[in-house]
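There is one chain below, alone, in C-alpha cells, taken in the form predicted alone.
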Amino acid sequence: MKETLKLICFNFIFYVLFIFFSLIGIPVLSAIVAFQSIFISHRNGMKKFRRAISWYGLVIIKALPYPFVKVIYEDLDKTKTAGPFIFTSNHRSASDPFLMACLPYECVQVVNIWPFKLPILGFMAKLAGYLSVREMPFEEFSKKATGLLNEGVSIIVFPEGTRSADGSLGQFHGSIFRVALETGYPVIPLCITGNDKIPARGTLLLRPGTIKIHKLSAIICDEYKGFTPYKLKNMVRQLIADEIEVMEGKRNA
C-alpha cells in the first residue's frame, strides 16, 4: 500500500510539473529564440530552436522525475568522427524521443504520424523539421533527410517503427539505411535500456528506475560502402542487440 501511494504521488507531481513547465517553458523558449532570430540568419535561428527543444527535453527527462528516475548517458564512440550523423536507436517506450535530448548535437527525429498530433509538442516538432516517413514517399523523405544532413543536422531514427511490447528488439525498416548508402554519412547505433516501464506501452504510468543510453562507435562510409540496405540494417541491429545484452548483464562486454 505504501509503495502504491508513493507511485501515485510520484506520477501526480511529475505530470503537474510537466504540464506547468510545458505551458510556461515552451512559450518562453520560443519567444527567446524568435527574438534572437531577428538578428541572425534563418539557419542559425533553426539551430537555436532545435537546441531549445533539447533543453526542454532535458528538463523533462532529467529534472522533473528525479530522483525516482535517473538517466545515464555514455558516449562510447572512440572514432572521433565528425558529424552530422544518422543515429539509429532501439525503441522501448514513449519516453525514447525525449531521451534523445541527451545527444549534444543539432538533431531532428524521424517519427510516426501520432507525435505530430500532440498539442503544442506536435506543432513544435513540425517547426523543427521533424520527418514523418509514413506521410511521404521514399524519394521525398530521402530528399528532405539529405538536405538536413548536408546542412549539418543529424537525424535520429527508431528503425523498428514502433516501440517493443516486451523489450525484445524488433526487425528494422530499411528506409534510413537507403539514405545512408546514398549520402555516405556516418551511422551511429544508440542503445536504450531501463525505460520499458517509464512508461510501459499502453499506459502513462511512470515507474521508478534507471535509464541507460549508450552511444556506440560511428560506422563510417568506408565500412559499409557496397552493402545493401538489408545488410547494413542487420549489421546495425546486431550491434545494438549485442550492446543491450551487455547493458542488461546478459553477457560480458
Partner chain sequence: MTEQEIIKLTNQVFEESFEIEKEKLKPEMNIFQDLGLDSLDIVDLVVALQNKFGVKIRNDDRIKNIRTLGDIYKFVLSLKAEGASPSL
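Please read these numbers as outputs of a predicted model, since none were measured by experiment. Numbering follows the first chain given and starts at 1.
Note that the form predicted together with its partner chain isn't included here; everything after this is about it.
Pick from Ser132, Ser175, Thr183, Ser95: which has a non-hydrogen atom within 4.5 Å of its partner chain in the predicted bound form?
It is Ser175.
So, Phe138 and its partner chain: in the predicted bound form, are they within 4.5 Å at any heavy atom pair?
Contact check for Phe138: yes, within 4.5 Å of its partner chain in the predicted bound form.
Contact between Asn44 and its partner chain in the predicted bound form at 4.5 Å, heavy atoms?
Residue-level check for Asn44: no, no contact with its partner chain.
Is Gln171 a contact residue for its partner chain in the predicted bound form, using a 4.5 Å heavy atom cut-off?
Residue-level check for Gln171: yes, a contact with its partner chain.
Looking in the predicted bound form, any heavy atom of Tyr15 within 4.5 Å of its partner chain?
Heavy-atom contact with its partner chain at 4.5 Å: absent for Tyr15.
Of the listed stretches (241-249, 6-14, 20-28, 227-235), which one has a non-hydrogen atom within 4.5 Å of its partner chain in the predicted bound form?
The contacting stretch is 227-235.
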